[in-house]
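Shown next as structure tokens: one chain only, the form predicted on its own.
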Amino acid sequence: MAEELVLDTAIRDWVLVPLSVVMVLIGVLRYFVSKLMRSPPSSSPSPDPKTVKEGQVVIRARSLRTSSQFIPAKAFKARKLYYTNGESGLLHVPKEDAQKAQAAMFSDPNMAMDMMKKNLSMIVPQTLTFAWVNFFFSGFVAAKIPFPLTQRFRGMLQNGIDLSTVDVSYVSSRSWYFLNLFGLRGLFSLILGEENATDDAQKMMQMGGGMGFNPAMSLGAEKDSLDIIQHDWALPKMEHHAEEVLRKLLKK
């Protein structure tokens, strides 16, 4: 049976509350710093019409792939052929065009500078904050979740403490830092506005793709996904399901 702990109120006052307040203040400060480092609209290059067109093609092909079960097989095959048919399909990218686009992306100084600014505004504050948390608050059991959890959550909620007998619902100080790091979007949307909310999880996922839209990778990946999809028309199944529901209602 998991061991129950009684948390000292001093941990709440000197660990839990300071961690939460500092994370909120750092998020707000990072928003204003990134706003100051943002390039002015006049210096931002206008979007390339070809890149915009290729992006719209990817969106339309993805919509076809995710909604293929709602159209007949013949209609799906015709649309699939329209996108993936060899060199005439919309998702086909010539090798020379892909190489030129990739070279242009890496040679654009403005794009590289913007990516470096975004990464610095994300990496530097979080690195310093994590070092501060790890140095001053490591090893504390900071809080307790008010509902039971399974053993799968132990590694996520009890990072930094090695007590397998403690109930899973107890949260370590280091884990509380990560929960704040990835879970404060709702609070930031109230403070800064929905469009200006700082989403650390999304930023960390997008850091690897900060060089912008790559037509060769996006079009090629969508072409491969559309090639392997198996059409399964959902309309006959919906009719059978509706028939079963009607029979149950008539029996009542």
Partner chain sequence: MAATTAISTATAAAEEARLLRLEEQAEHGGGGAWEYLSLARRLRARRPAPVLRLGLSLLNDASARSRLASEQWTLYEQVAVAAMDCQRVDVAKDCIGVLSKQFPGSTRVGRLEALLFEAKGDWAEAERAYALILENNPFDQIAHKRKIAIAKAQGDMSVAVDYLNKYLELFMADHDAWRELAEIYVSLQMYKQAAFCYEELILAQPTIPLYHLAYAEVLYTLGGLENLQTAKKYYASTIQLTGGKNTRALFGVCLCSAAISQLTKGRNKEEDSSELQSLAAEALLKDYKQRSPSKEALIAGMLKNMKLS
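Remember, it's a predicted structure, so these values are computed and weren't measured experimentally. Just so we're on the same page, rigid core means the largest C-alpha set that superposes within 1.5 Å between forms. Residue numbers count along the first chain shown, from 1.
One more form of this protein, predicted together with the partner chain, exists but is not displayed; see below.
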With the cut-off set at 4.5 Å between non-hydrogen atoms, does Leu90 touch the partner chain in the predicted bound form? yes
Can you work out whether Pro72 and the partner chain are in contact in the predicted bound form, taking contact to mean some heavy atom pair no more than 4.5 Å apart? yes
Using the partner position in the predicted bound form, report whether Val33 sits within 4.5 Å of the partner chain, counting heavy atoms only. no
Is there a non-hydrogen atom of Lys117 within 4.5 angstroms of a non-hydrogen atom of the partner chain in the predicted bound form? no
On the criterion of a non-hydrogen atom at 4.5 angstroms or closer, are Asp13, Gly186 and Ser218 all touching the partner chain in the predicted bound form? no
Have a look at 74 to 82, 138 to 146, 165 to 173, 118 to 126 and name the one stretch with heavy atoms inside 4.5 Å of the partner chain in the predicted bound form. 74 to 82
Stretch 220 to 250 - residues with a heavy atom within 4.5 Å of the partner chain in the predicted bound form: Trp233, Leu235, Pro236, Met238, Glu239, His241, Ala242, Glu243, Val245, Leu246, Arg247, Leu249, Leu250
Superposing on the rigid core, I want to see if His231 changes position between this form and the one not shown - specifically a Cα shift of 2 Å or more. yes
Rigid core fitted, then: does Val57 show a CA shift of 2 angstroms or greater between this form and the one not shown? yes
Taking the rigid core as the reference frame, tell me whether Glu244 has a CA displacement of 2 angstroms or more between this form and the one not shown. yes
